[in-house]
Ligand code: F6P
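Just the one chain here, laid out as structure tokens, in the form predicted on its own.
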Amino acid sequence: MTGEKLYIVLMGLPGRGKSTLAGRLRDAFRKDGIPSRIFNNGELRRIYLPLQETACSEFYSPENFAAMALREKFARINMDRARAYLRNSGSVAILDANNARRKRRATIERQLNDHPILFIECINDDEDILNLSIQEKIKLPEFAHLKDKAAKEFLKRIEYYKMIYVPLKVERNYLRVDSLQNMIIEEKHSDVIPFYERLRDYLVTDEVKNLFLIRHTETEDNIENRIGGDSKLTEKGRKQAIALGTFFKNKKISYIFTSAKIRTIDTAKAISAMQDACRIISLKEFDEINAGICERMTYEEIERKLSQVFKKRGADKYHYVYPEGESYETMKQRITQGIKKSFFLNQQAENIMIVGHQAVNRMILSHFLYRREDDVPYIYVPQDRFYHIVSTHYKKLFELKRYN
């Protein structure tokens, strides 16, 4: 160890991924042998105050001066703890809170003046992700008494924070990060920041401990070799889905991400049925390639009835756009967005599962596994096997495995 010390101070509106990012940074630093600890204001609040009080949105009102004084008290306790940690064996202290006011951040700068401070602002304005994040947050015990009102109360809490929110600007050292895209929007560093290069690398890298990438099981259209559509599973397909569920029974899957198509959802249901507390989330971003005027046609029918389409697509399968439809190339943006959403919601889990389609899974694989564009439409995606992917700073793994 070099003796370098660093305070990382997170900020952002609720539901923007601050605590998830704090966990990622702590784990990454520790794997590099850098002692790191998180100091979370919300944890103190939940320990010392009644949950019924802190779940209520009015606790966060800018006009609730008594509650504001309590929140400042917890912030100061964590500042003191972080300072003590770095005085001893710690190297990185991560302060995890909203820190929405400039006044709070100025206090942090005054109190923690013994080592460099790097502020990180988490920004994410994707409405789908926010709504899904809120649904996860209101599962916490502190919201149980609110029942159907929990989501409404959390949204009101966000509105109160918006009233006092001041983005990073005057701070000496900061990063403004799109926490969904893992992309740095703006950065400023007036001081030498310890561990800066590796920290920056942590922030922009998509990491997944275990991704199980599955193609939906056999459908009625598969038997007839028809493309696209919204076909149901065959009897064989249902048995394959049950076999998948049996295979993954002893692996904890918190979420299964699917397309909006029946065949992926029904495959996921069979897997979810053998899990505890597994939620299926359908994302349109994972819908199969839109074949336009060729939807539900066989390749033989396309060759016979639309010979020019057949020839042109055969000559450049990656870039060719189906009339009134898509190409592999035009799918790329939405597939990437689907990957980002699924990772954002499931970043702290050991296992992530996506049940997709042939073309979709090819594009997901190409996100992790280098392939020339011309080769992507030919990646092997069978229905009786699945891909297991590990992609971290320390390990890259791609396996095609049988489940039956």
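Worth saying up front: this structure is predicted, and the values here are computed from it rather than measured. All residue numbers refer to positions in the sequence shown, first residue = 1.
Keep in mind that the form predicted in complex with the ligand is not shown, yet the notes after this line are about it.
Peer 1: Name the stretch: of 204 to 212, 98 to 106, 284 to 292, 117 to 125, exactly one has residues whose heavy atoms fall within 4.5 Å of the ligand in the predicted complex.
Peer 2: Going by heavy atoms within 4.5 Å, the stretch is 284 to 292.
Peer 1: Would you kindly say which of 255, 328, 74, 248 lies with a heavy atom within 4.5 Å of the ligand in the predicted complex?
Peer 2: Spelling it out, the residue with a heavy atom inside the cut-off is 328.
Peer 1: Could you work out which of 196, 160, 85, 299 is the residue within 4.5 angstroms of the ligand in the predicted complex, going by heavy atoms?
Peer 2: The option sitting close enough to the partner is 299.
Peer 1: Looking in the predicted complex, any heavy atom of residue 234 within 4.5 Å of the ligand?
Peer 2: Although the ligand is absent here, residue 234 would stay clear of it in the predicted complex, with no heavy atoms inside 4.5 Å.
Peer 1: If you check in the predicted complex, is residue 358 within 4.5 Å of the ligand, heavy atoms only?
Peer 2: Output for residue 358 is yes: heavy atoms within 4.5 Å of the ligand.
Peer 1: Taking the ligand as it sits in the predicted complex, is residue 227 in contact with it (heavy atom to heavy atom, 4.5 Å or less)?
Peer 2: Residue 227 belongs to the contact set for the ligand.
Peer 1: Hey, in the predicted complex, is residue 313 touching the ligand, heavy atoms inside 4.5 Å?
Peer 2: The answer is yes: residue 313 has a heavy atom within 4.5 Å of the ligand.
Peer 1: Just to make sure I understand: among 130 to 145, which residues lie within 4.5 Å of the ligand in the predicted complex, judging by heavy atoms?
Peer 2: Stretch hits: zero.
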